[in-house]
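This document opens with one chain alone, in structure tokens, the form predicted on its own.
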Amino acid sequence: MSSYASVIIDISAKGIDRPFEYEIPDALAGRAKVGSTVVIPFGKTSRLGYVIDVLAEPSRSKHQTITAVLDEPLAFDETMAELAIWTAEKYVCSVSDVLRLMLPPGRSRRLRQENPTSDGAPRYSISQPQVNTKKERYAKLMVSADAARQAALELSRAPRQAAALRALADDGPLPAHRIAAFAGASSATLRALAGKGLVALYMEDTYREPDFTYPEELPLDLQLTAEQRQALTSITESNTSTSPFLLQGVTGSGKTEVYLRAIEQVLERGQTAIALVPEIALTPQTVSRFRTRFGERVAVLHSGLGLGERYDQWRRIQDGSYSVVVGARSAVWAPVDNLGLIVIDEEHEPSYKQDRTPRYHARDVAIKRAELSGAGVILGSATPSVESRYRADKKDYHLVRLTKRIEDRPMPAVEIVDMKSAERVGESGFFSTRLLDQLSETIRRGDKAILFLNRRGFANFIICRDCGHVINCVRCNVSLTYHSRERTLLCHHCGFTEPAPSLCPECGGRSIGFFGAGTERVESELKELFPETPVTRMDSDTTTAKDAHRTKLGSFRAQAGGILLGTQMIAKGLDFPDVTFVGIINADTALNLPDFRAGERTFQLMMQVGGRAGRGTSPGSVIVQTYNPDNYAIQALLTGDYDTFYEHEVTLRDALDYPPFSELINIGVSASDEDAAVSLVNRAAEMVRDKMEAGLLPGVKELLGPAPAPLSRLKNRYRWHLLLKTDGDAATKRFLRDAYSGLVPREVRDAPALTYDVDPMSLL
């Protein structure tokens, strides 16, 4: 009997974003499976496609035939195929774009036709990938182990050859680099032994091994607190384990240990687990803790690894070598089998939302994947997202709480400094005397401090005091940031740079001033104020090199005393018992952004960074500098009372009908010509409005805009947007998907771009 394949074409165009049916020829019947990469005729050419279903009965009468099945590992299974379709529907993107997230890193998807076989059949492969399987030279004995040891005795005048033979006799086939380490044997040594017929040299596939060393000693016999035991029991003994658990635990309460114990039970059942963390900076410490507990069964996936390392980690996950995957957002797509648990640490973090197509949220994808796999989910946070806490209140999630720190250690004392009236220190004026006094006392005691400022660079902008001219990016409607080390101006949005001027480019005046504080400038002043104290700076400028996060955090941990200065990458998850003081230089960075989540983000970020203090035996303290001391988000920091903040915030959201009371869809338009951007966004608005007035979009509750985006020009493109408040109805998303082709002209050079962002984490 004939069988048929439902195939997704490897093209992102929304106009063909649907499965196409092809007949599976008898010769390929055993190879065309769900997850297979196939070559199919499409129009006048051949294309790559992915089989997402195999059908016994077709839905139509005529079919073209699959041309070839490529000799590639299965890209996904039935569960992941279903997850891809769900993700595409939820986030109004193409299934093809989602499936690419499931492919090994660094693998090209271009089809290449090779020389035909002897019978004239065409052969296909994927073009040269960005990264290949690593091969390494190995040596093995061509004689018995006893004969090799005897030969070693006879090679007294060639001690390295003798040592190499003994190593191979003791341990069997070995890679050349290990023989060199054991015996000092060079390539010439091995070639000499091969020439004597004693060994054979050959190439074998191997793996790139990332360096996961982290200078932290962890006890293996930790005793759980009563709250931890109760939380773990609730999570592991629930009869409704596929409903997510929201583990709301104050900073330092031991959420990680609960994760580890829950994963331990999953592994004992022969299943696998995924643990997501929001920042690369957290990964070295997290991996250290997971590897201490689970050994070499732990894989790591994040962009800080080299492409070859990521590829090897991925394929070893796929072949079952690892049973625990730790990583950032993309690890939610890891090809683990028999999934038992997904942990999302710091579940509130906006970095779990991808800001390019497909614009998925890893937390929600993880929950759906767990549902399809019959796995459990733990969402952990000291400051849960409003959406997650609301779902817990509605009993969609199970709320489990940890209200106390380990060993009943006190929460850090929080003090708010009103910078409008505070006495300040230094020429720049971004240190209050109160913060500086506390920092000095911390250093005097030999303790460590963390200073947080969510801006990098030396100065946020340069202004001419004579004419008021601010030097802006030529591509974006933002000011350039001054970086003193390179004496350059840099746009943190598009990367544009230019030398810092000595004269005003507008009036020619010499009164150029540097305004605002960035981490580089704060670092400079700290070194002047505390010349004997080591300052470790962590931001996007200082952590570009491979392993920079691990190196800097390891150095800070190892040193006696010191200051860790950084942006949001140091604000959460890090655990240094000797940090007793945290200073927040400016709590207002995100507070005044034109975004309904500004208050929530400010509270979460300040609570998280403040929670780095006092995690050891010594009590901690936090000073928060702000120009808005009466703001409800700032005031909530004084008591660290999440529930009070949440009640205030969720009441505001309800009144304004923002999430979790509605689902937002941001329709974004960008174009190199502003008129073209305005024209497209107006046509999109008119199309939605017409459907609403006709009663054909009952799921749309409100249409806001169109309006220029707050960052109205980026990378030489003008940006406008249109915001829909919906009830989450799937019909609205189907309408938007169908409308896309009618709105965006095809094959027009430099055409305006249109994007859909469902559940946007930023409206900038």
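Numbers for residues come from their place in the sequence shown, where the first is 1. Bear in mind the structure is a predicted one, so any value in this text is a computation, not a measurement.
One more form of this protein, predicted in complex with a small molecule, exists but is not displayed; see below.
- Only one of 399 to 407, 499 to 507, 586 to 594, 349 to 357 lies within 4.5 Å of the small molecule in the predicted complex by heavy atoms, and it is 399 to 407.
- Using a 4.5 angstroms heavy atom cutoff to the small molecule in the predicted complex, none of 79, 319 and 369 count as contacting.
- The partner is absent here, but in the predicted complex a heavy atom of 228, alone among 536, 373, 228, 479, sits within 4.5 Å of the small molecule.
- When you look in the predicted complex, the only residue of 361, 289, 549, 310 with a non-hydrogen atom within 4.5 Å of the small molecule is 289.
- In the predicted complex, the small molecule sits within 4.5 Å of a heavy atom of residue 224.
- Among residues of the shown chain, residue 340 is not one whose heavy atoms approach the small molecule to within 4.5 Å in the predicted complex.
- Looking at residue 176, you'd find every heavy atom of it more than 4.5 angstroms from the small molecule in the predicted complex.
- Taking the partner from the other structure, the small molecule in the predicted complex has a heavy atom within 4.5 Å of a heavy atom of residue 255.
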